[in-house]
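Given as structure tokens, the chain that follows is alone and in the form predicted on its own.
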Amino acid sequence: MEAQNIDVIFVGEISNGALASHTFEIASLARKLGSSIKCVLSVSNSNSTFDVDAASVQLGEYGVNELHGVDCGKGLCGYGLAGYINRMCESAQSNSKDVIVVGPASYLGRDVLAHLSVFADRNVLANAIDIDLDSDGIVTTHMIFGGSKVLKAKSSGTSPQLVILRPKSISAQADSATQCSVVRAQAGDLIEAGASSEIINSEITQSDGPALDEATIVISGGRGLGSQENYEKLIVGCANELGAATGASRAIVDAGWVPYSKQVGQTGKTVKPQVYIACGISGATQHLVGMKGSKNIIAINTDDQAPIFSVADLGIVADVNVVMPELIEKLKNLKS
């Protein structure tokens, strides 16, 4: 496959009234894959506070050529978007273009790609961390066995090629500004009668600090803290001084110390901050896969053989319950 003959179509997503960060990550990746890049977004064209035109300007800075704002009405959103993207694929193929469709590893992205897989009769390469072109298809990179191994998978044959990309795998980098046109569309005719959905309730997880997957500094705690009270005193206390987000290992989430929304790891959130501080976390593979892409990693643990030190830039072999109070005190002194 040659980039100049490829249309890249990707699923964008809105989070808290703005484009989700993984939308820009996929856009950044798409630039190396095709000559025409199109983002498909689920919006309400008649009643929405989301500014599609402003979003098109943002996406243009990342090389996106078209933003399709698709209104699914009260129909099943994933089903409707998949039908719409399938039509886009058929149109591109009728013009002798190859197509790559990329969705994020989110509820919406997986829903859309699952339906599209059926419509297009193509397999999906899931949980990829990178995509490259091959002579007759694409090659995707995946982490397996909790991130301890990396493998390549190839998809060839008739397009579209379908891929689900893991968030935080690609660094979002703006390109020179591209004119991104807006296409407003309806998907109602693509949704079967009676296939409707309704949002009963929407709840945003409250946090005193920055969002975990967007923060530049993340402080996470594990079983080495000893108790939920120590998590609140040391991890939350230090985060307040640094303006950091708080995370956790799966062990203390399972123990009920903190909610699942704070879990970092393969079955939790993937984070990629400038600084990641792991406090009392041994570093099981499941946890490492969710944070080892951080730019600077600091680990505090009493076990000098703990796996967390294998990825740490700075390791402190000590009791976290001794180190953290001193750190918090020094931070307070610096502020004063």
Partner chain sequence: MGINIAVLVKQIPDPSVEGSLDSSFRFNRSGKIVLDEADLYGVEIALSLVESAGEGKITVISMVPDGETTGVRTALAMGADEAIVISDSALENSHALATAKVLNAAIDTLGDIDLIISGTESSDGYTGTIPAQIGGLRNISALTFATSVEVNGDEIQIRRQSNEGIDTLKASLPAVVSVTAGVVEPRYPNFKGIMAAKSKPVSVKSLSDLGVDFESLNIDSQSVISIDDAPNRQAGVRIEDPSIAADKIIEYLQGTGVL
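Numbering follows the first chain given and starts at 1. Given the structure is predicted, the values throughout are model-derived calculations rather than measurements. Throughout, rigid core stands for the largest set of C-alpha atoms superposing within 1.5 Å between the two forms.
Only in words, not in the display: the form predicted together with its partner chain, which the text now covers.
With a 4.5 Å cutoff on heavy atoms, residue 257 does not count as touching its partner chain in the predicted bound form; it lies far away. Contact annotation: residue 86 falls outside 4.5 Å of its partner chain in the predicted bound form, judged by heavy atom distances. In the predicted bound form, its partner chain lies within 4.5 Å of some heavy atom of residue 13. Using a 4.5 angstroms limit between non-hydrogen atoms, residue 94 is distant from its partner chain in the predicted bound form. Of the candidate stretches 86-94, 226-234, 173-181, 110-118, only 110-118 has residues with heavy atoms within 4.5 Å of its partner chain in the predicted bound form. The partner is absent here; in the predicted bound form, the one residue of 251, 133, 125, 102 having a heavy atom within 4.5 Å of its partner chain is 125. Along 153-180, these residues reach a heavy atom to within 4.5 Å of its partner chain in the predicted bound form: 153, 154, 155, 156, 164, 166. Once both forms are fitted on their rigid core, the CA atom of residue 62 lies less than 2 Å apart between this form and the one not shown. Core-superposed comparison between this form and the one not shown: the CA of residue 18 stays below a 2 Å shift.
In the core-superposed comparison between this form and the one not shown, the C-alpha atom of residue 300 has shifted by at least 2 angstroms.
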